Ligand SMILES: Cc1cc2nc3c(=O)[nH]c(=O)nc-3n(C[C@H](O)[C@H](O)[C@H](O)COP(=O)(O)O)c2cc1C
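Coming up is one lone chain in structure tokens, specifically the form predicted alone.
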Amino acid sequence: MERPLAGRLIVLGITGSIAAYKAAELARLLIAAGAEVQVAMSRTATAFIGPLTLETLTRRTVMLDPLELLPDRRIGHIVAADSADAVVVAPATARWLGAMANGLADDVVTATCLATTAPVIVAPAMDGEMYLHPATQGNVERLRGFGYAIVEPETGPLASGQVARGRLAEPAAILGAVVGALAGRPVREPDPERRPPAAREVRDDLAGLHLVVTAGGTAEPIDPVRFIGNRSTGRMGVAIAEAALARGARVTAILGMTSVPDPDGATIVRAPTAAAMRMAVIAALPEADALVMAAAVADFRPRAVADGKLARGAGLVLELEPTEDILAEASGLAHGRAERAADPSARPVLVGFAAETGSLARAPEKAARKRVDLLVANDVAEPGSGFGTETNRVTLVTPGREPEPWPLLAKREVADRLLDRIAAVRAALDAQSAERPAADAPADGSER
């Protein structure tokens, strides 16, 4: 089989067009042609195709943020720009063409193109009038002036219902443009150590540990058909459970109201209300090596629940009461057990989540008050970081330390980074236990 891109590294930039779904096929064709593929996505692109799809195909973590660092602390998009044989932007939206034409590096795709000297191939996709607008055409010509190869869009059915020019070129045509742009050029950076790293090797570093993970929202009933809830889908908590299972842990997933598939291989406990989730967490706590409270538990519930469906009327007044603070109670029980045993390892690693809007200023106080080892805080109003997204931008709060903001990442990458920290805390607790003097050992070493 001919592999014209053997040994090449191709950066595939995806921007926010409905045609983004075709990028998966393009990635597959590039790999079949022998290339290694590193995907970079704008924030809006993740609304059309999930990073997990591309990571599964390419075996590499998708780049989502210009500020993202590689595990060895190198700047991700700079490493990709310096080692790529070519950068392909497909689909390229009208907005991206305008930003690139004017050097506005506000997303990782534009930043990578600005930082590279490799050939750049651009495949626009948008509505017909948008592509033919003089502003768009001017931006396309400016990119041609940079030396970029433009794979013109095709005429065909568009998402708007029109039949016009603006349809993303077929992946095979884009592949042909990439092969043509690299013909006769040597491989730019053959050393894999100087390229973005491939997927992590399969690890079993959590083997033997039992993680209890909560996920999803809770539904506090008003009557038999209505409830108070929130927009949580459970995606973040399930990603943590799946990542822990992949690393050898035994996982109990306590699930509230979720809209994502259950983590395959976990012990599933259904807990649709705050009261049910509290009971499930307290029951699982004694055997847990780590408790990760990623669920979005409702803060309030109706004080009284109607036996039958309430009739529609001019209005409805509900008297609310606070729900249980499950994390605070679990933390108190866990610390109490460790203190009674005089053994730091006798409690689980305690991880809380704090969904805020506008500011994370309350997070350090919350972490200290609830006596957690780690608190994951995020602004759910920020694009790409709210409920239901494939990505998350979190700040990790460790009591006694400065908060640590992480870049926008795929939720699975957030999960793995968090598990790295959980493993480190678990090891530290176990080490403290191993170093403590045996309370019952006599000073002279004799037997009692």
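All residue numbers are counted from 1 along the displayed sequence. Only a predicted model underlies this, so the values are computations on that prediction, with no experimental measurement involved.
The form predicted together with the ligand exists for this protein as well; it is not shown, and the discussion that follows is about that form.
In the predicted bound form, the ligand lies within 4.5 Å of some heavy atom of residue 44. Mapping the unseen interface onto this chain, residue 360 falls outside it, with no heavy atom inside 4.5 Å of the ligand in the predicted bound form. Interface residue remark: residue 174 is not counted as part of the site for the ligand in the predicted bound form, having no heavy atom within 4.5 Å. Using a 4.5 Å cutoff between non-hydrogen atoms, residue 93 counts as a contact of the ligand in the predicted bound form. Of the candidates 130, 206, 182, 257, 130 is the one whose heavy atoms come within 4.5 Å of the ligand in the predicted bound form; the others do not. Shown without its partner, this chain lists 375, 293, 126, 86 as candidates; in the predicted bound form, only 126 has a non-hydrogen atom within 4.5 angstroms of the ligand. Across the options 415-423, 45-53, 23-31, 402-410, residues that bring heavy atoms within 4.5 Å of the ligand in the predicted bound form belong to 45-53.
Residues of 3-42 placing a heavy atom within 4.5 Å of the ligand in the predicted bound form, in sequence order: 15, 16, 17, 18, 42.
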